[in-house]
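Just one chain is shown here, as structure tokens, and it is the form predicted on its own.
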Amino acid sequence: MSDIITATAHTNIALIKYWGKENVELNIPTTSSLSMTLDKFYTTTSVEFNSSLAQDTLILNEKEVDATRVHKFLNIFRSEVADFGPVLVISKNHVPTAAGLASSASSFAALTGAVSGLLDLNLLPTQMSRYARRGSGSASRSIFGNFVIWNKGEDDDSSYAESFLDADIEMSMIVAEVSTGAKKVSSTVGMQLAQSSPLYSKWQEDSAKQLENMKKALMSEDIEQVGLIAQDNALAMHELNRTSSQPFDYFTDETRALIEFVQNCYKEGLLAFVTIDAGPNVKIITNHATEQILLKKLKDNFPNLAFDLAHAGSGLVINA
């Protein structure tokens, strides 16, 4: 076993969403999903055995925080691979935490890579994806770069992500940071509530069709179709939340204003489409040729918001 291992993983944004669990404990989803890994946002995590510690310890962004979730994740390796002592986990998030920008995806993907290196496991990427999924469902996709599909599967062995298109098709994503605060309803709770919506079965059926259409759009590098499909999928996902047994909404007034503005930009002839995960932040899909024009319009019309420009990013990197 190595002394200290560092791994870096980038966050991903789903173009076809994961929103519901068939198996809560194993994070097995109700639908397959497809994402784009982003170069802009990432997590770097270092792990080492530390006998001076009484228990697993997490230092996140230079502060010691509750390590319960990390401890539970490390126990999976203890039970399935080999028992080991306390681990010091030092993690730095270059992404707003818990605000709908998939910080848990990059965090658990990086942790998976670092731990697999620490234990000298020599796992295949799909095997790391399965472990990462146990920490956070969307983390399964952050093992890979560019465009990634997460096969929902039926059990622990068959539910994993894999590369779908490992190429840059000149797609851009502008991230509007409406809020950097933690969301009021966690993704786990939000998914459970969403599955009570009377619209949920239809959303699952539509999502399966949208996934096949998304694959075709990506392979033909048709960013307009990618954007239209992603936008329909995301907005329908959020409607599940509003029609659940305990209705809730991640959108703020600024979220809604951004959606309307982007849709108007598309009507005016610009490539501009929205996708929104569990949180108020809006991701705008466009291409390299349009990104600066659209970015200027957004900044001019929403001067109080921060905007980041991202492109397709790389997969997990592990360094001894």
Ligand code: DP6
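These numbers were taken from a predicted model, which means no experiment stands behind them. Just count from 1 along the sequence shown to find any residue number.
One more form of this protein exists, namely the form predicted together with the ligand; it is left out here, but the text below deals with it.
- Shown alone, this chain has one stretch from 122-130, 136-144, 214-222, 164-172 that lies within 4.5 Å of the ligand in the predicted complex by heavy atoms: 136-144.
- Residue N27 is the only one of N281, T286, T45, N27 with a heavy atom lying within 4.5 Å of the ligand in the predicted complex.
- For the options S179, S91, S187, Q231, the one in contact with the ligand in the predicted complex, meaning a heavy atom within 4.5 Å, is S187.
- Proximity of S104 to the ligand in the predicted complex: non-hydrogen atoms within 4.5 Å are present.
- Within 4.5 Å of some heavy atom of the ligand in the predicted complex lies at least one heavy atom of M237.
- Looking at M191, you'd find a heavy atom of it within 4.5 angstroms of the ligand in the predicted complex.
- In the predicted complex, the ligand sits within 4.5 Å of a heavy atom of R69.
- Interface residues of 6-38, taken as those with a heavy atom within 4.5 Å of the ligand in the predicted complex (partner not displayed): A14, K17, Y18, W19, K21, N27, in sequence order.
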